[in-house]
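One chain comes next, on its own, written as structure tokens: the form predicted alone.
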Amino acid sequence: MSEVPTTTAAPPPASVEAFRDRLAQVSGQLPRRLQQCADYLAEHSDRIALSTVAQIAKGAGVPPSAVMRFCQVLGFSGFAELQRLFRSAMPVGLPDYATRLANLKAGPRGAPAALVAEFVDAGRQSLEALALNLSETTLEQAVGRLATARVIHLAGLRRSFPVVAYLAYVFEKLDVAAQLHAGTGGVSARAAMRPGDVLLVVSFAPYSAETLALAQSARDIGLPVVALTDRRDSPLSRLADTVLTVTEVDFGAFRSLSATIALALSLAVATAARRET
């Protein structure tokens, strides 16, 4: 097997997508330790923006110097330049809740009845966008995977938790075996996942590290993963077999779950109906 040269004259990738393309080009041509870096970052590129060299090296099972050398092979001056690329691509987060509330109070739309009207309108727009953009093929694939599962594992934290909690309730009422992974007390319950099960995971930016870790665990043991997320290029998209995207229109930087709940409920009902046929 030929190895890549120890230096490269190629300019560094200018985008995250270009980085992934460069990674695919050199994969399989690298010395062992550099290949370990490539394999790890291909699976965990969502960690580049917020991890240290030492953390990446530990995850890949290599010394930090190998990570630095790997970055240089791809055209970067070092890990810092690679990290800047990924940080620049991170979605701009919403302001904290105190700031959102202060901004809303500063405007003319703070009366309770006006707030109801605004949130109803944001929900309407979200639902219309879901109906317009939903892929029927992907939805069928998701229902097919869930309908044949021995147990459906449900995972989603923070803003996503109401979605999976409601799904657990609906599946219980529909007599579909499901387990909610709530993370209470720091217990992940990942050991409960068995062959024949499916993981249904929900996460939106900023993505929960615990949720991503559970999705990775399911993938590692060969379980299908169905994801509800906000972007096709979210970290969940690289871990899931089937990805359904849903975008919530916000009002005053507050986002409801109108479209997400509608999609989740549709999945649950369709899954139960498919299992009965």
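Only a predicted model underlies this, so the values are computations on that prediction, with no experimental measurement involved. Numbers for residues come from their place in the sequence shown, where the first is 1. Think of the rigid core as the biggest set of C-alphas that the two forms share within 1.5 Å after superposition.
A second form of this protein, the form predicted in complex with the DNA, is not displayed here; the remarks below concern that form.
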| property | result |
| --- | --- |
| Residue (of L223, V26, A60, V53) lying close to the DNA in the predicted bound form, criterion heavy atoms within 4.5 Å | V53 |
| Contact assignment for the DNA in the predicted bound form, among P206, P162, G78, G144, heavy atom within 4.5 Å | G78 |
| Candidate spot L199, T271 and R275, all three touching the DNA in the predicted bound form (heavy atom, 4.5 Å) | no |
| Partner-facing stretch of 39-47, 232-240, 210-218, 64-72, counted where any non-hydrogen atom is within 4.5 angstroms of the DNA in the predicted bound form | 64-72 |
| Partner proximity in the predicted bound form: L34 to the DNA, non-hydrogen atom cutoff 4.5 Å | yes |
| C-alpha of R231 off by 2 Å or more between this form and the one not shown on rigid core | no |
| Did E140 shift 2 Å or more between this form and the one not shown, C-alpha, core superposed | no |
| Rigid core superposed: L82 CA moves 2 Å or more between this form and the one not shown | yes |
| Residue pair A227, Q36 - Cα distance in the predicted bound form, closer or farther (3 Å or more) | closer |
| Cα-Cα trend for A80 and A205, given that in the predicted bound form the distance shifts by 3 Å or more | farther |
